[in-house]
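Next up: just one chain, as structure tokens, the form predicted alone.
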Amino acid sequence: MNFWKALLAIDRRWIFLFVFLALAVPMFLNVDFELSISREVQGLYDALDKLQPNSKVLMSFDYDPPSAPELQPMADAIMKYCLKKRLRIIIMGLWPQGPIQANMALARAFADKNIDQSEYVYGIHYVNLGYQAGNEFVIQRMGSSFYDMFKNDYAGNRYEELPLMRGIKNFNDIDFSINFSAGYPGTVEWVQIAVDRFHVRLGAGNTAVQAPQVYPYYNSGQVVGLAGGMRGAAELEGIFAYNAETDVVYKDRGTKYMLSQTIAHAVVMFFIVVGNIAYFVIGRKDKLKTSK
């Protein structure tokens, strides 16, 4: 009896400490684990895998640092894959911080010892067009002219001075598009305008909060693939690593974050179950006492 009462009386700060340790410790462990791959993530991988070298991929980074723990691991993994596959990458953002997050993904990709940065020339193999205000109206205008929206890139270079962009007028010249989204504007707007009006082939990476809004577009075929939340990031890293023909390191923060999240959920569930058992045990014994 005293044992169960002691459990109910435990200082909540001890629980906070256990949850903190559950989240923090896996970050420092080199632990690998396998996840089953959902059909949504498989669809995204298959769409990228079918692209031929030198295919043009448009990446829109529509998120900011608070959403980076979920979306940045996806962006990092896809950026590595696209570079290693020799795809031509065109970066943009409908959120002000998006192009900065894209540069971080590029830096992490080039930090991989198996990706030689000297083989990739800015303006030829990849380009960062930067941020453009206007939300979905930017997408609509890009349907007729990229140049009208991005006369200069992120570094201030003129559009026509970038060899990669000289042959690109509108969405008709793009082979595949990927949108990393944390909200508005984001994947929903890309589907409504770029996909429905201009027939863009679109894959998406979304936060766990936004993903339920996007699943119907996947089920309808408007989005060819989807990675949702931390689980989606870990699945992407896993499928890239499993199918990799090189030594590029794909399993990174997404896998670690997913492990931390899983252990933290287990700790919380443990305390919930134990707390409820203690409550009902004590309550039942108190009722027996009063009945006597």
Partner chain sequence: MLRKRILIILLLCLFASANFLPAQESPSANINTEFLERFKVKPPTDFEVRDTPNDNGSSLTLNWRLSPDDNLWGKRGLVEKYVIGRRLAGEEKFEFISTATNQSRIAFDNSVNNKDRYEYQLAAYPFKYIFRPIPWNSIMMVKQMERFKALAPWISLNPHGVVLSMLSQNYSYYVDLDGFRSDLARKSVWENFSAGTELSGPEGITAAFAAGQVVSPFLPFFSFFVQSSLTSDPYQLVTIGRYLGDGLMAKTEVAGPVKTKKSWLHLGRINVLIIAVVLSFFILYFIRQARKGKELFIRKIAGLDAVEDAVGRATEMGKEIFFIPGTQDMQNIQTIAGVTILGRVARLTAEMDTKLEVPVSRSLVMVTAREIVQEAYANAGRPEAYDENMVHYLTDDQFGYAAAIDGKMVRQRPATIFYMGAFYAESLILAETGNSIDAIQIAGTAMPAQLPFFVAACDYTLIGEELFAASAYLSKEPKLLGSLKGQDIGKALLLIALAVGVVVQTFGWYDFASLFRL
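Nothing here was measured: the structure is a model prediction, and the numbers come from that model. Numbering follows the first chain given and starts at 1.
As for the form predicted in complex with the partner chain, it is not shown, yet the points below apply to it.
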property: Partner proximity in the model of the complex: Asp112 to the partner chain, non-hydrogen atom cutoff 4.5 Å; result: no
property: The partner chain contact in the model of the complex: Arg108, any heavy atom under 4.5 Å; result: no
property: In the model of the complex, Asn172 touching the partner chain (heavy atom, 4.5 Å); result: yes
property: Distance check, His199 to the partner chain in the model of the complex, heavy atom within 4.5 Å; result: yes
property: Stretch 97-121: residues contacting the partner chain in the model of the complex, 4.5 Å heavy atom cut-off; result: Gln97, Ser118, Glu119, Val121
